[in-house]
Structure formats: structure tokens, C-alpha cells
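One chain comes next, on its own, written out as C-alpha cells in the form predicted alone.
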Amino acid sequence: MHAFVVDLVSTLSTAGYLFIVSAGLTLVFGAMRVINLAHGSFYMYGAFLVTTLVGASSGARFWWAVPACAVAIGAVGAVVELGVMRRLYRSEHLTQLLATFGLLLIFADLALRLWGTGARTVSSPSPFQGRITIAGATFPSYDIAITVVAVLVGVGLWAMLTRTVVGWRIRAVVSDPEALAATGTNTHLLLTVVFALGAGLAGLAGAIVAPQTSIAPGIDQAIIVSAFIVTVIGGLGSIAGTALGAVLIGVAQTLGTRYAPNWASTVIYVVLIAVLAVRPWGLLGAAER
């Protein structure tokens, strides 16, 4: 029971932040059909920005710093969409990959100039700085906070996409943008909002996970690999599939670290290959021609 509780909490915490960052990636692809490698940069900037805003306050500023990071990175995403991504919608995926990879390199160099090459840390808010014991298992209480935030984000995205006019328009712009524009909807503004929302989710994930890890240059490239694996496993464009993919990768990382630490980094690729061998379009994705 002790090992089970520890593994369960670790899995949910890992799946939580992976879902938040991957949800932004799959939302952008689902609405725009754009593969954005610079999504990892938004995650890294959210993490670095929260270290700047919180500083040495022992987590006292964390409550407002996290949403501030999400909003700020969302604004950066809107600028990127207006300046770069809007010109790539009708381009081939290879062109999109090259352009967004260039953005990834530009953002990485800018981060070095803004925050330097050293690693940074930040304190979690005081209510979550302790540890919790359940069934004899002790783990950081902040793991629970990440899981709760991920659930709230998931429920919020589901409600927006299925219960609001904005969600209806986002789904409509995928299937028939011309017909949606004929109804009077500003599709260009809608796509800007979607891209900004995706970037904001990446920034939120970076800010949320910052107290649990060392923030240093290079985390943008590391997270984009994991995010793409999650979205491909779940099915590009599927929020529910992203949640399922995040849980599978969380399980794989947790069990791999516990039982095969020397092979832990390869376990997620084994899961990816196994899923694609059965369903090339992902668990909850739709087959496309």
C-alpha cells in the first residue's frame, strides 16, 4: 500500500503538468492544424518568469505570480500568432516545423540574455511546502496541488469547448472556416485567441511545475518532446486523448523510475511505439487522409 500510494501520487502529479502543457499544444493543432515546436519555449518562459516574480519571497507571491505568468505568456503567444503563425496556416507541415523551430532557437537565445545560463529555483506557496502522509506513504503536498490544477484546467477546457459559443466556433473553424466566416465570425481573431490560450496553458504549466524542478536553459526542448509524445498517443486535436496520454506517460515514467531506472528514459518511447502500432492516429484521435 505504501508503494502504491507513492506511485499513484507521483503518476498523477507528472500527468498533471504534462496534460496542461500538452493541452495547449493539441488545442492549437486541433483548431489550426499547425505543429508548433516553439510551444516548449512558452513553457520555459512561464517557468523562468515565475522565478523572477516570486524571487526570494518564500512563495508568498506565488498565488498571483502563476496566473500572471499564464496571462503574460498568452500575450506573447498572441504576438507570435499575429507576426509569424498567421502566415503559415496554408503551408505544409514541414514549413511549419522549420519556422517554429527557428522560433524555438530565437526564444532560447533571448532567454539566455534575460535569465542567464544558471539554474534557478522557486519556493512553493507556504500551505504546500510540507508533506502529507496517507496509508504510511509520505509525499510532498504540492503534488496534490498540481493534480488539482490539472483537473480544473481539464474541466474548464471541456466546458469551454462543449458548452460555450466560443467552443462551438473553435470546433467549427476546424471543419469549415469559410462557412463560419460567412456567419460574421472574425476567424482571424478567433485563431489568435486560440493560439494565445495554448501559449498561456504552456506558461501556466511551466509556472506550476517550477517549485518541483530546477529551471535552466534546455527545458524547452525537453518538454516539447514529452508534450508531442502525449498528444500523439492521445490523438492530435483531442483534449480527452491528451488527458489519457498524459496518464499513460505518467504511469510509464513512474514505474520505469521505480523498477528500471537505467531504462526509465526509454519507457515512454516504448509506450508511444506500442500505441502507434495499434492505432496510428492515437487512442482517441480521428484518422485523417
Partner chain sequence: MILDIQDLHVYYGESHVIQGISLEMDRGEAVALLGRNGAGKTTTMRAVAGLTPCARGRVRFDGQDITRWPAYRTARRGLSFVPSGRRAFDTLTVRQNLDLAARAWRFPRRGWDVARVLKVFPLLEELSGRRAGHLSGGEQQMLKIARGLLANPELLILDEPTEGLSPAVVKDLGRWLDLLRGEGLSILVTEQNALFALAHADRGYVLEKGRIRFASDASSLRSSDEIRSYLGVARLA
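Values in this document were obtained by computation on a predicted structure and should not be read as measured data. Residue numbers count along the first chain shown, from 1.
Just so it is clear, the following notes concern the form predicted in complex with its partner chain, a form of the same protein that is not shown.
Trainee: Within 4.5 Å of its partner chain in the predicted complex, heavy atoms considered, which of T147, T185, S124, T192?
Mentor: It is T185.
Trainee: Which residue, Y89, W158, W168, F101, has a heavy atom that falls within 4.5 Å of its partner chain in the predicted complex?
Mentor: In short, W168.
Trainee: Would its partner chain in the predicted complex be within 4.5 angstroms of a non-hydrogen atom of every residue among T266, L272 and A274?
Mentor: Judged in the predicted complex, none of T266, L272 and A274 sits within 4.5 Å of its partner chain.
Trainee: In terms of non-hydrogen atoms within 4.5 angstroms, which of the given stretches 92 to 100, 79 to 87, 168 to 176, 108 to 116 touches its partner chain in the predicted complex?
Mentor: Correct option: 168 to 176.
Trainee: Quick one: is Q129 in contact with its partner chain in the predicted complex, heavy atoms, 4.5 Å cut-off?
Mentor: Q129: no contact with its partner chain in the predicted complex.
Trainee: In the predicted complex, does A181 have a heavy atom within 4.5 Å of its partner chain?
Mentor: The answer is yes: A181 has a heavy atom within 4.5 Å of its partner chain.
Trainee: Contact with its partner chain in the predicted complex for T162, defined as at least one heavy atom pair within 4.5 Å: yes or no?
Mentor: Answer yes; at least one heavy atom of T162 falls within 4.5 Å of its partner chain in the predicted complex.
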